[in-house]
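Heads up, the chain below is alone and in the form predicted on its own; it's given as C-alpha coordinates.
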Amino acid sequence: MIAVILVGGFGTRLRPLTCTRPKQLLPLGNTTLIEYMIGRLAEQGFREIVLAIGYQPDALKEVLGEGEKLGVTIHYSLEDEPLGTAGPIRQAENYLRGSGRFLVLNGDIVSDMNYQQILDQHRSNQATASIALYRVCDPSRYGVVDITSEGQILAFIEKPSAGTAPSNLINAGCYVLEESVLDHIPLGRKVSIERETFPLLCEKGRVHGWEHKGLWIDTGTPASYLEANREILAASQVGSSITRPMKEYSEGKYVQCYRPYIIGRHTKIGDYCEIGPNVTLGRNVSIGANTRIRDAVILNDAEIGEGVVLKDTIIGQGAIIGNKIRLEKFQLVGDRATVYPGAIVPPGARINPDEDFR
(Lines give C-alpha, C1' and ligand atoms only; values in the text may rest on other atoms or scores of the structure.)
Protein backbone atom coordinates (compact mmCIF):
# COMPACT_ATOMS: atom_id res chain seq x y z
CA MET A 1 0.00 0.00 0.00
CA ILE A 2 1.17 3.53 -0.80
CA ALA A 3 1.43 6.34 1.77
CA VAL A 4 1.43 10.01 0.83
CA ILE A 5 3.07 12.53 3.18
CA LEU A 6 2.18 16.19 2.68
CA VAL A 7 5.37 18.20 3.24
CA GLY A 8 4.85 21.27 1.06
CA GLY A 9 4.16 23.83 3.81
CA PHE A 10 6.37 26.79 4.72
CA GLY A 11 6.42 26.15 8.49
CA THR A 12 5.80 29.83 9.22
CA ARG A 13 5.07 29.30 12.93
CA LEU A 14 8.56 27.86 13.38
CA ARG A 15 10.44 30.68 11.70
CA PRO A 16 13.29 31.58 11.70
CA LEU A 17 14.37 27.90 11.89
CA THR A 18 12.28 27.17 8.80
CA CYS A 19 13.74 30.04 6.80
CA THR A 20 16.66 27.75 6.01
CA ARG A 21 15.04 24.28 5.95
CA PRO A 22 11.64 22.59 5.70
CA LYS A 23 10.29 21.98 9.20
CA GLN A 24 10.37 18.23 8.49
CA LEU A 25 14.17 18.40 8.67
CA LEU A 26 14.25 19.79 12.20
CA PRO A 27 15.74 17.27 14.63
CA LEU A 28 13.78 15.13 17.05
CA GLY A 29 16.25 13.29 19.24
CA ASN A 30 18.80 11.80 16.87
CA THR A 31 16.52 11.74 13.85
CA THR A 32 14.42 14.27 11.94
CA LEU A 33 10.65 14.63 11.84
CA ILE A 34 10.36 13.24 8.31
CA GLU A 35 12.69 10.30 9.02
CA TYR A 36 10.68 9.51 12.15
CA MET A 37 7.44 9.47 10.11
CA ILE A 38 8.87 7.32 7.33
CA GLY A 39 10.45 4.99 9.87
CA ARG A 40 7.09 4.38 11.54
CA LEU A 41 5.49 3.68 8.16
CA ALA A 42 8.27 1.21 7.32
CA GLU A 43 7.80 -0.54 10.67
CA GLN A 44 4.15 -1.09 9.76
CA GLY A 45 4.86 -2.56 6.35
CA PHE A 46 4.68 0.45 4.03
CA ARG A 47 7.37 0.24 1.39
CA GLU A 48 6.30 2.91 -1.09
CA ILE A 49 6.13 6.55 0.00
CA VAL A 50 5.09 9.61 -2.02
CA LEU A 51 6.36 12.91 -0.65
CA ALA A 52 4.25 15.84 -1.83
CA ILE A 53 6.91 18.54 -1.71
CA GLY A 54 6.96 22.25 -2.44
CA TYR A 55 9.13 24.30 -0.08
CA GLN A 56 12.90 23.77 -0.39
CA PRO A 57 12.46 20.38 -2.10
CA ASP A 58 16.17 19.84 -2.75
CA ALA A 59 16.91 19.83 0.98
CA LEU A 60 14.51 16.93 1.50
CA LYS A 61 15.88 15.04 -1.48
CA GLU A 62 19.45 15.46 -0.25
CA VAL A 63 18.63 13.95 3.15
CA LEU A 64 16.24 11.19 2.06
CA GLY A 65 17.45 10.24 -1.41
CA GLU A 66 15.33 7.45 -2.83
CA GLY A 67 14.63 6.01 0.63
CA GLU A 68 17.09 3.13 0.56
CA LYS A 69 18.55 3.94 3.99
CA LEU A 70 15.05 3.84 5.48
CA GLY A 71 14.02 0.61 3.75
CA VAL A 72 11.44 2.22 1.48
CA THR A 73 11.09 3.63 -2.01
CA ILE A 74 10.42 7.37 -2.07
CA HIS A 75 8.74 9.17 -4.95
CA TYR A 76 8.69 12.97 -5.08
CA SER A 77 5.67 14.88 -6.32
CA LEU A 78 6.52 18.56 -6.71
CA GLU A 79 3.98 21.37 -6.52
CA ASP A 80 5.32 24.45 -8.29
CA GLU A 81 2.94 26.64 -6.32
CA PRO A 82 0.99 25.95 -3.10
CA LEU A 83 -1.95 23.61 -3.79
CA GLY A 84 -3.48 23.46 -0.31
CA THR A 85 -4.13 20.21 1.53
CA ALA A 86 -5.96 18.28 -1.21
CA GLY A 87 -4.36 19.67 -4.37
CA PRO A 88 -1.05 17.88 -3.72
CA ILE A 89 -2.90 14.56 -3.47
CA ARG A 90 -4.38 15.04 -6.93
CA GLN A 91 -1.00 16.28 -8.18
CA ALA A 92 0.47 12.91 -7.16
CA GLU A 93 -2.16 10.86 -8.97
CA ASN A 94 0.36 9.26 -11.34
CA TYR A 95 1.67 7.33 -8.33
CA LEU A 96 -1.79 6.65 -6.88
CA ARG A 97 -3.91 5.51 -9.81
CA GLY A 98 -4.29 1.76 -9.70
CA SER A 99 -3.57 1.53 -5.99
CA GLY A 100 -7.21 1.00 -4.97
CA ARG A 101 -6.71 2.97 -1.77
CA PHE A 102 -3.89 4.85 -0.08
CA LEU A 103 -2.89 6.46 3.20
CA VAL A 104 -2.35 10.23 3.55
CA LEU A 105 -0.42 11.86 6.42
CA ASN A 106 0.10 15.50 7.28
CA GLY A 107 3.85 16.04 7.44
CA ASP A 108 3.98 17.75 10.84
CA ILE A 109 2.44 15.11 13.13
CA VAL A 110 4.25 12.95 15.68
CA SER A 111 2.10 10.02 16.78
CA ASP A 112 2.18 6.33 17.66
CA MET A 113 -0.82 5.66 15.45
CA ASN A 114 -1.53 2.10 14.32
CA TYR A 115 -2.28 2.52 10.63
CA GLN A 116 -3.47 -1.05 10.26
CA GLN A 117 -6.36 -0.37 12.63
CA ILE A 118 -7.73 2.52 10.60
CA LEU A 119 -7.23 0.48 7.43
CA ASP A 120 -9.16 -2.47 8.85
CA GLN A 121 -12.03 -0.24 9.94
CA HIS A 122 -12.04 1.50 6.56
CA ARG A 123 -12.43 -1.83 4.78
CA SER A 124 -15.13 -3.11 7.13
CA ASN A 125 -17.14 0.10 6.69
CA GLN A 126 -16.65 0.05 2.91
CA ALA A 127 -15.92 3.75 3.29
CA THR A 128 -14.79 6.14 0.60
CA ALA A 129 -12.72 8.04 3.15
CA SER A 130 -11.74 7.37 6.74
CA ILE A 131 -10.37 10.12 8.97
CA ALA A 132 -8.26 9.51 12.07
CA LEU A 133 -9.64 11.58 14.94
CA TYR A 134 -8.14 12.80 18.19
CA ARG A 135 -10.00 14.12 21.23
CA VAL A 136 -8.93 17.55 22.57
CA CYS A 137 -10.24 19.98 25.17
CA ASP A 138 -10.43 22.99 22.81
CA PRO A 139 -11.24 22.04 19.22
CA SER A 140 -11.53 25.62 17.90
CA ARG A 141 -7.99 25.52 16.38
CA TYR A 142 -8.73 22.42 14.31
CA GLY A 143 -11.08 20.72 11.89
CA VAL A 144 -13.89 19.15 13.93
CA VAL A 145 -16.34 16.39 13.00
CA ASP A 146 -20.02 15.84 13.66
CA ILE A 147 -20.09 12.07 14.07
CA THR A 148 -22.73 9.43 14.82
CA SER A 149 -22.39 6.75 17.47
CA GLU A 150 -21.66 4.28 14.63
CA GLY A 151 -18.69 6.35 13.50
CA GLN A 152 -20.17 7.91 10.37
CA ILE A 153 -19.08 11.51 9.88
CA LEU A 154 -22.01 13.75 9.03
CA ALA A 155 -20.16 17.03 8.70
CA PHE A 156 -16.65 18.44 8.85
CA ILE A 157 -16.26 21.93 10.28
CA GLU A 158 -12.90 23.65 9.96
CA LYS A 159 -11.88 25.78 12.98
CA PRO A 160 -15.32 26.44 14.49
CA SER A 161 -15.91 29.41 16.77
CA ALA A 162 -15.43 28.70 20.46
CA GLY A 163 -18.42 26.89 21.93
CA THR A 164 -19.96 25.95 18.57
CA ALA A 165 -18.11 22.70 17.78
CA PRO A 166 -20.37 19.63 17.41
CA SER A 167 -17.77 17.46 19.20
CA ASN A 168 -14.23 17.64 20.52
CA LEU A 169 -12.95 15.10 18.00
CA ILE A 170 -10.53 16.76 15.60
CA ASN A 171 -8.88 15.83 12.35
CA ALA A 172 -5.66 14.05 13.32
CA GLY A 173 -4.00 14.48 9.92
CA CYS A 174 -4.24 10.85 8.82
CA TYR A 175 -6.66 9.59 6.17
CA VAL A 176 -7.39 6.44 4.22
CA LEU A 177 -8.78 7.38 0.83
CA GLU A 178 -10.19 5.28 -1.97
CA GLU A 179 -8.70 5.98 -5.36
CA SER A 180 -12.07 7.40 -6.46
CA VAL A 181 -11.53 10.40 -4.15
CA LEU A 182 -9.01 11.70 -6.70
CA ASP A 183 -11.91 12.41 -9.04
CA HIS A 184 -13.42 14.78 -6.45
CA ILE A 185 -10.28 16.95 -6.23
CA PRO A 186 -9.96 19.57 -9.02
CA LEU A 187 -6.65 19.42 -10.85
CA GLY A 188 -4.25 22.32 -11.09
CA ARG A 189 -5.57 24.64 -8.38
CA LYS A 190 -5.39 25.10 -4.63
CA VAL A 191 -7.88 22.79 -2.89
CA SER A 192 -8.60 22.41 0.83
CA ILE A 193 -9.35 18.85 1.87
CA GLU A 194 -10.94 20.19 5.07
CA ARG A 195 -13.18 22.87 3.50
CA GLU A 196 -13.94 21.30 0.11
CA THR A 197 -13.19 17.61 -0.26
CA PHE A 198 -14.37 16.24 3.09
CA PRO A 199 -17.64 18.23 3.17
CA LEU A 200 -18.40 17.00 -0.35
CA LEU A 201 -17.71 13.39 0.61
CA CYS A 202 -19.76 13.75 3.81
CA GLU A 203 -22.79 14.73 1.72
CA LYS A 204 -22.48 11.36 0.00
CA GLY A 205 -22.56 9.59 3.38
CA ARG A 206 -19.43 7.52 2.94
CA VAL A 207 -16.96 9.09 5.38
CA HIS A 208 -16.13 7.38 8.66
CA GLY A 209 -14.02 8.31 11.67
CA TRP A 210 -11.54 6.31 13.71
CA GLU A 211 -10.44 7.67 17.09
CA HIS A 212 -6.76 7.48 17.97
CA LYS A 213 -6.15 7.44 21.73
CA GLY A 214 -2.37 7.37 21.95
CA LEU A 215 0.41 9.90 21.35
CA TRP A 216 -0.49 12.74 19.00
CA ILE A 217 1.35 16.06 18.63
CA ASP A 218 0.99 18.71 15.94
CA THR A 219 4.57 19.99 15.82
CA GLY A 220 3.78 23.29 14.09
CA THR A 221 4.57 25.64 17.02
CA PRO A 222 7.74 26.03 19.10
CA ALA A 223 5.97 24.69 22.21
CA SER A 224 4.56 21.64 20.46
CA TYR A 225 7.81 20.95 18.60
CA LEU A 226 9.70 20.91 21.90
CA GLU A 227 6.98 18.67 23.34
CA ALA A 228 7.53 16.25 20.47
CA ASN A 229 11.27 16.31 21.13
CA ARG A 230 10.58 15.40 24.78
CA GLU A 231 8.38 12.48 23.71
CA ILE A 232 10.95 11.14 21.25
CA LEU A 233 13.73 11.39 23.83
CA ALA A 234 11.57 9.69 26.45
CA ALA A 235 10.81 6.87 24.01
CA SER A 236 14.54 6.32 23.54
CA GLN A 237 14.76 5.29 27.19
CA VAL A 238 12.42 2.33 26.77
CA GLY A 239 13.84 0.43 23.82
CA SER A 240 12.45 2.18 20.75
CA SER A 241 14.48 2.35 17.55
CA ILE A 242 15.78 5.78 18.62
CA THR A 243 18.81 5.08 20.82
CA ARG A 244 21.17 7.23 22.86
CA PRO A 245 24.49 7.74 21.11
CA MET A 246 27.79 6.35 22.33
CA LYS A 247 29.81 8.87 24.33
CA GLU A 248 31.63 10.49 21.42
CA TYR A 249 31.65 13.98 22.90
CA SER A 250 33.93 15.58 25.50
CA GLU A 251 32.89 17.12 28.77
CA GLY A 252 34.68 19.08 31.46
CA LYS A 253 34.72 18.68 35.23
CA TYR A 254 31.57 18.17 37.28
CA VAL A 255 29.16 18.09 34.35
CA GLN A 256 25.67 16.83 35.19
CA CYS A 257 23.53 15.27 32.44
CA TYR A 258 19.90 14.50 33.26
CA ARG A 259 18.03 11.99 31.09
CA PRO A 260 16.55 12.01 28.59
CA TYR A 261 19.02 13.75 26.33
CA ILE A 262 20.93 13.25 23.08
CA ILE A 263 24.41 14.65 22.54
CA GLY A 264 25.88 14.58 19.04
CA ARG A 265 29.40 13.67 18.04
CA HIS A 266 32.32 16.06 18.52
CA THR A 267 30.36 18.26 20.92
CA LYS A 268 32.33 19.89 23.75
CA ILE A 269 30.77 20.66 27.13
CA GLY A 270 32.56 22.95 29.58
CA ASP A 271 33.09 22.64 33.33
CA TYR A 272 30.18 22.75 35.78
CA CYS A 273 27.49 22.54 33.09
CA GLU A 274 24.06 20.97 33.53
CA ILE A 275 22.47 19.35 30.48
CA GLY A 276 18.92 18.02 30.45
CA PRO A 277 16.39 16.79 30.86
CA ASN A 278 14.78 16.88 27.40
CA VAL A 279 17.74 18.24 25.47
CA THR A 280 18.87 17.49 21.93
CA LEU A 281 22.39 18.70 21.16
CA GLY A 282 23.57 18.39 17.57
CA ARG A 283 27.04 17.60 16.28
CA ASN A 284 30.06 19.83 16.86
CA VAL A 285 28.31 22.05 19.42
CA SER A 286 30.49 24.03 21.83
CA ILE A 287 29.17 24.86 25.31
CA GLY A 288 31.00 27.12 27.72
CA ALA A 289 31.42 26.56 31.46
CA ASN A 290 28.64 27.06 34.00
CA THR A 291 25.88 26.81 31.40
CA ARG A 292 22.46 25.28 32.08
CA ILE A 293 20.40 23.77 29.25
CA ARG A 294 17.05 22.02 29.56
CA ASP A 295 13.97 21.52 27.36
CA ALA A 296 15.87 22.77 24.32
CA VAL A 297 17.12 21.81 20.88
CA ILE A 298 20.54 23.02 19.74
CA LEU A 299 21.41 22.38 16.09
CA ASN A 300 24.82 21.42 14.69
CA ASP A 301 27.83 23.73 15.00
CA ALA A 302 26.23 26.15 17.46
CA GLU A 303 28.46 27.93 19.99
CA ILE A 304 27.04 28.56 23.46
CA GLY A 305 28.99 30.84 25.80
CA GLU A 306 29.73 30.66 29.51
CA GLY A 307 27.08 31.19 32.16
CA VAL A 308 24.23 30.81 29.65
CA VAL A 309 20.73 29.63 30.58
CA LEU A 310 18.70 27.96 27.82
CA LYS A 311 15.19 26.63 28.45
CA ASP A 312 12.20 26.22 26.13
CA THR A 313 14.26 27.44 23.20
CA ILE A 314 15.62 26.34 19.82
CA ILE A 315 19.05 27.43 18.58
CA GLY A 316 19.84 27.24 14.87
CA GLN A 317 22.82 25.72 13.10
CA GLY A 318 26.01 27.69 13.52
CA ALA A 319 24.39 30.26 15.82
CA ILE A 320 26.51 31.96 18.48
CA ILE A 321 25.10 32.71 21.93
CA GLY A 322 27.29 35.06 23.98
CA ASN A 323 28.23 34.76 27.63
CA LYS A 324 25.56 35.10 30.34
CA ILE A 325 22.59 35.18 27.94
CA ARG A 326 19.20 33.87 29.10
CA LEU A 327 16.84 32.33 26.55
CA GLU A 328 14.00 30.60 28.33
CA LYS A 329 10.63 31.72 26.99
CA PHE A 330 10.34 30.27 23.47
CA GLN A 331 12.87 32.60 21.91
CA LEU A 332 14.11 31.15 18.61
CA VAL A 333 17.53 31.85 17.12
CA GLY A 334 18.06 31.30 13.41
CA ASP A 335 21.04 29.72 11.68
CA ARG A 336 24.34 31.61 12.00
CA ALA A 337 22.75 34.39 14.07
CA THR A 338 24.74 35.95 16.92
CA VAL A 339 23.36 37.03 20.29
CA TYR A 340 26.00 39.26 21.84
CA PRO A 341 26.95 39.22 25.53
CA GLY A 342 24.75 41.51 27.57
CA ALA A 343 21.81 41.39 25.16
CA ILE A 344 18.34 41.09 26.69
CA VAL A 345 16.12 38.97 24.46
CA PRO A 346 12.35 39.54 24.95
CA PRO A 347 10.03 36.55 25.52
CA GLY A 348 8.96 34.99 22.24
CA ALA A 349 11.57 36.88 20.19
CA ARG A 350 12.60 35.50 16.80
CA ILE A 351 16.18 36.24 15.76
CA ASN A 352 16.59 35.81 12.01
CA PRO A 353 19.35 33.85 10.27
CA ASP A 354 22.65 35.78 10.11
CA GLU A 355 21.25 38.56 12.33
CA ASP A 356 23.41 40.28 14.97
CA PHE A 357 21.32 40.79 18.12
CA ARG A 358 22.88 43.21 20.59
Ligand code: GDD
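Numbers for residues come from their place in the sequence shown, where the first is 1. For clarity, every value in this text was computed on a predicted model and none was experimentally measured.
Separately, the form predicted together with the ligand exists; it is not shown, and the next lines address it.
Open item on the list: Even though the partner isn't displayed, in the predicted complex is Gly143 close enough to the ligand, meaning a heavy atom within 4.5 Å?
Closed with: Contact with the ligand, yes.
TODO: Classify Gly9 as contacting or not contacting the ligand in the predicted complex by the rule of any non-hydrogen atom within 4.5 angstroms, answering yes or no.
DONE: Because a heavy atom of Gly9 falls inside 4.5 Å of the ligand in the predicted complex, the answer is yes.
Open item on the list: Contact with the ligand in the predicted complex for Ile109, defined as at least one heavy atom pair within 4.5 Å: yes or no?
Closed with: Result yes; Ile109 sits at the interface with the ligand in the predicted complex.
Open item on the list: So, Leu83 and the ligand: in the predicted complex, are they within 4.5 Å at any heavy atom pair?
Closed with: Judged by the heavy-atom cut-off of 4.5 Å, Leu83 is in contact with the ligand in the predicted complex.
Open item on the list: Whether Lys23, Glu79 and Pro88 jointly form a contact site for the ligand in the predicted complex is the question; each needs a heavy atom within 4.5 Å.
Closed with: Yes, each of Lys23, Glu79 and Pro88 comes within 4.5 Å of the ligand in the predicted complex.
Open item on the list: Can you pick out, from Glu178, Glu231, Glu194, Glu274, the residue that has a heavy atom within 4.5 Å of the ligand in the predicted complex?
Closed with: In short, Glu194.
TODO: Only one of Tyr115, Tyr95, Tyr261, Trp216 comes within 4.5 Å of the ligand in the predicted complex by heavy atoms, so just point that one out.
DONE: For this set of options, the contacting one is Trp216.
Open item on the list: Looking at heavy atoms inside 4.5 Å, which stretch does the ligand contact in the predicted complex, given the options 179 to 187, 202 to 210, 155 to 163, 122 to 130?
Closed with: Single hit among the candidates: 155 to 163.
Open item on the list: If you apply a 4.5 angstroms heavy atom cut-off, which residues in 39 to 56 are near the ligand in the predicted complex?
Closed with: Result: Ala52, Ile53.
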